[in-house]
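Here you get one chain, nothing else, as structure tokens; it is the form predicted on its own.
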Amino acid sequence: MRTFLSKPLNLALLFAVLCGLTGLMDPLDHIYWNTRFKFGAHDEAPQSIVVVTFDGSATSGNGSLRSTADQARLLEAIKRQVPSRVILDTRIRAGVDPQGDRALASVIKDFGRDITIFARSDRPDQFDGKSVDIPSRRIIGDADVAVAAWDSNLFYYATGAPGTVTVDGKTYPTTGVALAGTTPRRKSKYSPDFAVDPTTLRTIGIDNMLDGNFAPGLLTGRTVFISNVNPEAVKLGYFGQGRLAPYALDIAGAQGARRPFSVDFKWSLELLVFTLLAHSALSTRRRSVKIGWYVLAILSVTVMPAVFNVLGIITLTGPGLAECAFFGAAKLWQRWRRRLQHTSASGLPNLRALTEQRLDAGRDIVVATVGRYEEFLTTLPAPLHGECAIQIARRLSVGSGCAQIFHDDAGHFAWSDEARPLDTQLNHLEGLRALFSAPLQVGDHTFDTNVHFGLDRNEGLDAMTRVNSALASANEALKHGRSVEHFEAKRLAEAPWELSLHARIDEGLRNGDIWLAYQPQWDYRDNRIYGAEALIRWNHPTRGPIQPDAFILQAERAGRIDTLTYWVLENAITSAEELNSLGLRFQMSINLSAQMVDKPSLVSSISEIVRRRGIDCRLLTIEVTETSSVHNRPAARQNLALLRTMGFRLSIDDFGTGEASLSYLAELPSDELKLDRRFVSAITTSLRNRQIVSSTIGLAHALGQTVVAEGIEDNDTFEMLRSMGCDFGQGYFLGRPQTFAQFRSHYLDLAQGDQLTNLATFKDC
């Protein structure tokens, strides 16, 4: 339903139907028809009809001829002129003058089928048995009777009439049908032809008629309409003319009743036609064709009703005009809103506009993000913000050859580019970066710009998905300092998994799919296994083993690394307590993510776990991983110092790579260095690596720190590290990561004999 109501045409249709059902648009319908017949073309009234009208001199105050005798005298005078037909539209008061009654009955009988008696009510739109005065058959005999019955609108203007009405159980034709001489159609309606100009009717006063004061032959062979209705009676409105004597409406009704057919669609036909035409306009993409459909749709509610009226089809224009107006207003509002939404503060089209474009085959989506863009805007006066964006967009347009650059206010610029081979496209974007080697000059301000690109090449996907993927890639390129990040289809397929990682990690912890593996650490001085590093593992029931680097990175992105870290700490404490209960001092190492190092809650959370578990903090080593993503370095140093004060040993993990350099060693409080495997694994074959490792061991000892060498894969490496004075070793040569049950069993075996001799039990795990 929400989707249905979000479309302007559907809303307009519902509004119009509501107007049709409630009559809200009756005033609009009245204005339409009154304007149409006031300023439209007019037809001359039928010259075959002559109206004998009331002029006041031959009537009494009640608006009828003085008596039935006077009515008989008038009919006799008309009869002598040999008319083809007579319409007697006056009230017959029988029983007052018996002689006059007989005279009137006689003359009516003489007319035979050539006379029709019109009966009216005080209100023309009321024609029940109580309000309609049907003349006595004692007077009119077998003469035809017609009833004035009209439908009216809110302003009491005639809109149509039924073909027949029923009074006191008897069916009569209405005046328009009777005057037209057509066969009444039951349950059908007709509308008067308001194009008939009533001022062109031939008329003669009753007194002139009785006195013979008229042109000879005026009535011969014509229909004589005797209209002697009470002038005080309520008169219906005649579109384009105002309120007129009832005979004018009867004659216009006769013209309408003569049409070949008459159908009353009310407001349904116009709504149907307009809706179909507007839908056709919305469905086409060619501008010229779209305009043509819209023109036809407008004509369907402005011109079509008038054309249909000529054909005899009755329609109400109000709901159709309401739908047209509502739809037009909704489209204009939607266009204004889209224009507002699709334009950034700079005046450039924004990314939403790009997502709604049709992307042809063979097109890439490129998003460029400008580093420190918000800082640029902070230093610039507000009037220059747009100029800053325009200058950046101009450079991108020149370099990419794309005329239209899209922009959002967060410093992202996007465009659709020709799809080239991947290497060519990457080189092209690298070249585009060269355009930003020159500083950006905005007013009196000069900025050095740093641009990174996100690239999406996933053809076949919708534009919004592609723009979002390129946007995510650009942000990742900026975050990791890379020039270009390519959002591959494989990563897009993994997106649902990554975005639901929060729930999946919780499920894995509950089900035991996430578990701890323990890799032994060797003490060169005591020639024994002195500790282990607790390493998190995940065996997913459907995806199988998941690489730690993959899910730990995603856990950091999803904000779930805290949960995993504290879970590891709890389980590592349990394992450390059990192994230390065997008699020998055992050191347990756990990893601490860089995203947690500067958190205010870190120390208090770990302190609570330690207090609750009652463990000696000196039995735990916290390995601090890469800290390039740490935002608050002073807070990180303070947290690590507090943990060290509590008794934890601090280890700098992967020393020699990334930020784990000499500056890192000088900055962070630590007790241990862990040499990265990339240096250790090559010491037997590379003199340079051997010298680096030897020098690092000497430096650590000089600073009062111990050294753990990772990545020991063979005996030669193991022995060479011993000769260099390395304190501890770790690697597959000493033992692979294993479950706690396996580790405990092998640890007990080693404790019972020479550990170096029995080391094979770990190596084979």
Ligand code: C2E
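Since the model is a prediction, treat every value here as computed from it, not as a measurement. Quick note: we count residues from 1 along the sequence shown, nothing fancier.
As for the form predicted together with this ligand, it is not shown, yet the points below apply to it.
Trainee: So which stretch, 587 to 595, 402 to 410, 100 to 108, 156 to 164, is the one near this ligand in the predicted bound form (non-hydrogen atoms, 4.5 Å)?
Mentor: It is the stretch 587 to 595.
Trainee: Is T574 close enough to touch this ligand in the predicted bound form, meaning at least one heavy atom pair within 4.5 Å?
Mentor: No, T574 sits far enough from this ligand in the predicted bound form that none of its heavy atoms falls within 4.5 Å.
Trainee: Can you check whether D29 is within 4.5 Å of this ligand in the predicted bound form, heavy atom basis?
Mentor: Contact check for D29: no, nothing within 4.5 Å of this ligand in the predicted bound form.
Trainee: Using a 4.5 angstroms cut-off on non-hydrogen atoms, would Q547 count as touching this ligand in the predicted bound form?
Mentor: Yes - in the predicted bound form, heavy atoms of Q547 and this ligand come within 4.5 Å of each other.
Trainee: Does any heavy atom of P737 come within 4.5 Å of a heavy atom of this ligand in the predicted bound form?
Mentor: The answer is yes: P737 has a heavy atom within 4.5 Å of this ligand.
Trainee: Counting non-hydrogen atoms within 4.5 angstroms of this ligand in the predicted bound form, say which of V708, V50, A700, I712 makes the cut.
Mentor: Contact residue from the list: I712.
Trainee: Within 4.5 Å of this ligand in the predicted bound form, heavy atoms considered, which of I314, L535, V603, I692?
Mentor: Going through each option in turn, the one that passes is L535.
Trainee: Is this ligand in the predicted bound form close enough to Q519, I552 and G731 that every residue in that trio has a heavy atom within 4.5 angstroms of it?
Mentor: Yes, all three are in contact.
Trainee: Within 563 to 586, which residues have a heavy atom closer than or equal to 4.5 Å from this ligand in the predicted bound form?
Mentor: Sequence-ordered list has one entry, V568.
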